[in-house]
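The chain below stands alone, shown as structure tokens; this is the form predicted on its own.
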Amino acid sequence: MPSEAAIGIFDSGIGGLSVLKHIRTQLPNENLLYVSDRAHLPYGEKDKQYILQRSRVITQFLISKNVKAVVIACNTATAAAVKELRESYQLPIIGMEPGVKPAILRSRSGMVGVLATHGTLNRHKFKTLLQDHADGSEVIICPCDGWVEAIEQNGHDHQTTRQIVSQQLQPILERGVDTLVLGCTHYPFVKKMIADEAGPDISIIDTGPAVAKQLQRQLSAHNLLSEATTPGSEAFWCSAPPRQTQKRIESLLQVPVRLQLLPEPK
């Protein structure tokens, strides 16, 4: 695989763009391909086999575009599919998991809140994560019903989105947490809303930067880091009609983009 090949990134919607932005900062000269599986949103309500099947379809599409690595920019898809994808494909596949360990290390009180979808919280991978790192701390989970849909449909700065975030955040804040984990890649786009509700004394953990650094390490280990000296490019695909998604992407990235319809396997 040539080092100038692109990196593939995918999510159930536009949430993975929060990870793409960190990857672009960490690896400014890499070419990036992004797939939004918006026609099958949200993954958090789907069963494991459904998510695995969609993850295979998208990974195979990215491989057809000769990517050198794949980033699963979705906690739910990582929990459901990363093991099987790594067993099936030879290229580096980078997944995500909620930042429970760094949150516990940062917490002063030992009270940590995890904001995530049902699809992430109910997976064996997350339960194992808690068993491995939560000893001595209290981890309070918050299944964030409707957050992904609100961000996708209304945008990250809409009043309806703010109301949903505020209503569901209050009970977990009242429990006394001093650190919050953003366990879904959509949630960094409402980080300011969360911070406004939580106040200045609450730490917020976003694992996007750690994923970008892990990607860099994996590319370096496989001698796949780009040697280009010019800024990398981005290309975008979506499984839903592109018009509305294109506007959302342009709003979040603050640049014009060309969004193509993801071809489905025959």
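Numbering starts at 1 and follows the sequence shown. Because the structure is predicted, anything quoted here is derived from the model rather than measured.
The next section is about a form of this same protein that is not shown, the form predicted together with a small molecule.
Pick from 156-164, 180-188, 124-132, 102-110: which stretch has a heavy atom within 4.5 Å of the small molecule in the model of the complex? Residues of 180-188 come within 4.5 Å of the partner.
Taking any heavy atom pair closer than or equal to 4.5 Å as contact, tell me whether G208 reaches the small molecule in the model of the complex. Answer no; every heavy atom of G208 is more than 4.5 Å from the small molecule in the model of the complex.
Verify the contact flag for C142: yes if a non-hydrogen atom of it lies within 4.5 Å of a non-hydrogen atom of the small molecule in the model of the complex, no if not. Taking the distances in the model of the complex, the answer for C142 is no, it never comes within 4.5 Å of the small molecule.
Report whether the minimum heavy atom distance between L41 and the small molecule in the model of the complex is within 4.5 Å. Because a heavy atom of L41 falls inside 4.5 Å of the small molecule in the model of the complex, the answer is yes.
Though only this chain appears here, would V148 touch the small molecule in the model of the complex if you measure heavy atom gaps against 4.5 Å? Contact check for V148: yes, within 4.5 Å of the small molecule in the model of the complex.
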